[in-house]
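So this first bit is one chain, no partners, the form predicted alone, shown in structure tokens.
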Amino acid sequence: MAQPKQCDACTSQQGASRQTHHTTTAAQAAKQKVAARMRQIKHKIVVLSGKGGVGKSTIAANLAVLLAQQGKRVGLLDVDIHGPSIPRLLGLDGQRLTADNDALVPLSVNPNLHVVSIAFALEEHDTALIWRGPLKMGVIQQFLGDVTWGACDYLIVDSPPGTGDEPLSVCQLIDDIDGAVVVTTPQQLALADVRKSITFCRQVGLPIIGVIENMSGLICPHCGAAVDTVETGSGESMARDMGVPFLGRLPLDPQVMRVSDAGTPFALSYAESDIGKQFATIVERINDYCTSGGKRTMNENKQPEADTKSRRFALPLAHGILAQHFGHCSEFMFVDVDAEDTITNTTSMTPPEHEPGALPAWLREHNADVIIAGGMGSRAQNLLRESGITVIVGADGSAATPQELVMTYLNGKLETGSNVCDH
């Protein structure tokens, strides 16, 4: 009996099904290849910063160099697709990747340090890559899965500034990252963006190893003395405010800038200088974190470290009760709570005059961790959350004191309604 002839629609549908199956199979194979490569690497660290120009790549390169000098086998992956800096910092400009049996071979700085960067795949140094997200994720997946990293103690990933495709791709592709090293400089312009990096880490479940305050003070090029600059120490204060570890400060040294441009790591050439010794201490702290069980998997979904220590609650008040409009309160009640959820202190303060963005900045300055309000505009909520501050809106404080509201929240029984100030 003759088989019924398929119509064009059926034939087309079967072809689409085969294509979908092929695409799914290829994606699964690529993911499995990444997982197999990453299983050979003990520790994975991502170096992040919300701000460009803070010395993030210099930190990543010298971290890798110093770990390798200590006898550890280290891979250094530069995922800054649009502005790769690692080749210049390590004297590898103009080098090219090679292949071996369909795998990419990283460049070797020495027997312990192996490097991959998109710059090694470009014909011209000035070539601009005008790529969207899927292309960038694809090449990062290739660098993780197709490179013969081998058995390594560390993989250091240098990310571009911000919280976009590249760091997100790394977090999605590697499921057991030890954590992020966040780099900042002390001025407020940088800190505002770096806070977003910390918020990014918390939102994607990436543990934070700690913050480095780079360019913290200046080493005089004439006498070698340390000179404090404006706002030195602000990175440390920011780390404390957001409840994350602080790894240390590194001063701005013109000698470091010169040797970095020449492709010589300062961790080696200035090992006995003050900055060399300070950096060695930072690397020791990072190594201790990774080797002492500090690692958490991306799937554990644990609360940020700030949730396990003392916290400061801030409540906007009007006529002694919780204000329904955050920006029009007459005072703020700050309630300090220790690690055992016991109220230790309360302080009343008068806020600054109502201007857009003024209250979030003022609350950061006064180390607020949690805001409980009746109503709050979306812009203020975003500014506070970007700073790592928890925001609770829709609370009804008409029949409760600020202290009672805080305790109700800590007991998990605080009920919230509509946000009457959502504009």
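The first residue of the shown sequence is 1; numbering continues from there. Only a predicted model underlies this, so the values are computations on that prediction, with no experimental measurement involved.
Note that the form predicted together with a small molecule isn't included here; everything after this is about it.
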Check: in the model of the complex, do 54, 85 and 256 all put a heavy atom within 4.5 Å of the small molecule?
Finding: yes
Notebook entry, point to check: Can you check whether residue 261 is within 4.5 Å of the small molecule in the model of the complex, heavy atom basis?
Noted result: yes
Check: Would residue 252 show up as a contact with the small molecule in the model of the complex if we use heavy atoms at 4.5 Å?
Finding: yes
Notebook entry, point to check: Any of the heavy atoms of residue 275 lying within 4.5 Å of the small molecule in the model of the complex?
Noted result: yes
Checklist line | Close approach of residue 79 to the small molecule in the model of the complex, 4.5 Å, heavy atom | finding: no
Next item on the list: Tell me, please, which stretch of 193-201, 232-240, 207-215, 93-101 lies within 4.5 angstroms of the small molecule in the model of the complex when heavy atoms are compared?
Entry: 207-215
